[in-house]
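Form predicted on its own, single chain, as structure tokens, below.
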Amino acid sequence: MTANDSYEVTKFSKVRRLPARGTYDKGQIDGILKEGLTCHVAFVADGRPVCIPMIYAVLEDKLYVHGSIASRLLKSMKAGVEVCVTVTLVDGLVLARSGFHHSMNYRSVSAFGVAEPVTDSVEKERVLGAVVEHIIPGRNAQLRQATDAELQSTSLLSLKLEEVSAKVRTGGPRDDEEDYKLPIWAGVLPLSTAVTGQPIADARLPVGVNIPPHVTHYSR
């Protein structure tokens, strides 16, 4: 792996707890960010910690988060407050022979830095389209263009992906050696967010409007 294939390890991004699970590989991190649906943005406002779930998208080397123009996050970012953005995917419940060794198989990404407001209307529209595409690919091409009022009432913040790391757990339970002979079922219960139900049409949908392929064939 070359330096261009991985993020530089910093005092913020370095995985300290169970470092063997840590990775700075850009390809693996990009895959997690593409699969995730939401992120959590943590920052300090008025001397108190705050953490907000938000919709996001990644374009080139930046992560964008989307919210209301009146959000506390946007006001804090104007003051240059640092953020930590996390994305977590849970792949399975790890059921051990003791409560102590129960765990989860997961993939998570943490990114650190200072988010900046996106103010240019053309850039805003481009990023908002990317946010829609991140949630459901193929959707944005069917939508009407955003109005000036919608763009003005929506906040977008960009975080350059520089200090980034991922942490991944896979495999079965790691029990104490003497517990393996106990008659207790142990193993992994896989989980997935890719399972979708039958689409429910809007009550005011005009007659003859069919469900588009990007909805019927949705997957992550």
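This structure is a prediction, so every number in the text was calculated from the model and none was measured. One rule holds for the numbers: they count along the sequence shown, beginning at 1.
What follows is about the form predicted in complex with a further copy of the same chain, which we do not show.
Interface membership of Leu37, defined by any non-hydrogen atom within 4.5 Å of a further copy of the same chain in the predicted complex, is confirmed.
Not displayed here, a further copy of the same chain is approached by Val90 to within 4.5 Å at the level of heavy atoms in the predicted complex.
The shortest heavy atom separation between Gln142 and a further copy of the same chain in the predicted complex is within 4.5 Å. Contact check for Ser121: no non-hydrogen atom falls within 4.5 Å of a further copy of the same chain in the predicted complex. Taking a 4.5 Å heavy atom cutoff to a further copy of the same chain in the predicted complex, the contact residue among Ala45, Ile32, Val58, Val168 is Ala45.
Along 181 to 196, residues Lys181, Leu182, Pro183, Ile184, Trp185, Ala186, Gly187, Val188, Leu189, Pro190, Leu191, Ser192, Thr193, Ala194, Val195, Thr196 each place a heavy atom within 4.5 Å of a further copy of the same chain in the predicted complex.
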